[in-house]
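Here we start with a single chain on its own, the form predicted on its own, put down as structure tokens.
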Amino acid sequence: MALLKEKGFLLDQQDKRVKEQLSKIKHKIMVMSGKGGVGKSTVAVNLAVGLSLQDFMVGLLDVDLHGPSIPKMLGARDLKLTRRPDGKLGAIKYSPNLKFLSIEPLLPSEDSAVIWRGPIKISAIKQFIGDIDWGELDYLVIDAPPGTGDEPLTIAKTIPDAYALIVTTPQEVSLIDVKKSIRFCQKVKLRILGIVENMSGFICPHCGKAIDLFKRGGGQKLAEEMGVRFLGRIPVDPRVVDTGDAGRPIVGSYPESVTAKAFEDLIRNVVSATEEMRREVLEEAFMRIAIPISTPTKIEKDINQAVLFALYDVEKGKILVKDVVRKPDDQDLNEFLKEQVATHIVLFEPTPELAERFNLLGLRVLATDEEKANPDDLVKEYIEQVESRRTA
């Protein structure tokens, strides 16, 4: 029993360190893809480097534990973790505005194989965030492995306010997998920043003209179909391969190239989208409202007895999604609400102490004294209040 208590304490301490580090980071972006081979890491590296060249403080975290490529693409395999005067380890400094971290510098050799199961990978990712000093950052760009496995799931649960940037190619086989990534994000309550169409046309090395080698426009069409932002298209350029292998990202090596200009457009769109999504939360244009319910049409009066929760995704005055989710018996209520990334909670006649408890979690508390009120009606009524304030 003592050992179980000790583990619980250690887990609490690790979660506390993670929360402290994340509080210093303004925007967190997970770059993901439905399948491999679409140039996801290339997009992540050039996005991070491009943001740093625009005077943003940026961190680049490689959570592809089995196939880390960030050190090679940055030409930084010889760089090591820094150590502060207080003994704490800091992320690897690539440039004045860019730090990065990958599993590769921690391995005995660059060709060492990482053979880890889920729990070890989850612990490693949390250590990368909580035990390494990242300092104050404007952006943390996270390069996740393809698919919807342990690594992206861990990021979604550990960083509930992260955004997903999904990379695809114009080909249909890639677009099919992107839909799976979108469904994954919706399932784990991860807000989607947008879609990037990589390998969109080919830049001829002789004449400089674009040729639609792998089709073009599929990513933009899918974004419109799925109702998410289209952030830009990046053409195929032989120099992307050369600069990636040489450890000199193209945004810095060939800033006047068509491809670098395409990355600049992507970076502008990312900056604009992150600021817009941040404002939406602050101004309540986006909300995820949690309501404890005893039946589908009745609120649960005692929050501590709540088992079922109705969750409403509201964006710009409209209910986009409504889910009914059961809280696991062994899960703490605070952790459950954090995992669901709730922004608001509706409580029946809460005491000041109870309201303060949820305010400290970062939730807006909406009080009701209508015992028989229908949850749907409560949400619609609150949306009307918010919209009237926004247009006043």
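Values in this document were obtained by computation on a predicted structure and should not be read as measured data. Numbers follow the displayed sequence, beginning with 1.
If you look for the form predicted in complex with a small molecule, you will not find it shown, but the lines that follow are about it.
Interface residue remark: D237 is counted as part of the site for the small molecule in the model of the complex, having a heavy atom within 4.5 Å.
The closest heavy atom approach of G36 to the small molecule in the model of the complex falls within 4.5 Å. The small molecule in the model of the complex is not approached by I291, whose heavy atoms all lie more than 4.5 angstroms from it.
Within 4.5 Å of some heavy atom of the small molecule in the model of the complex lies at least one heavy atom of V241. A heavy atom within 4.5 Å of the small molecule in the model of the complex is found for one listed residue only; from V178, V251, M199, V196, this is M199.
The listed set I129, L140, M73, V270 contains one residue whose heavy atoms approach the small molecule in the model of the complex to within 4.5 Å, identified as M73.
Residues placing heavy atoms within 4.5 Å of the small molecule in the model of the complex fall in a single listed stretch, namely 38 to 46, out of 357 to 365, 52 to 60, 342 to 350, 38 to 46.
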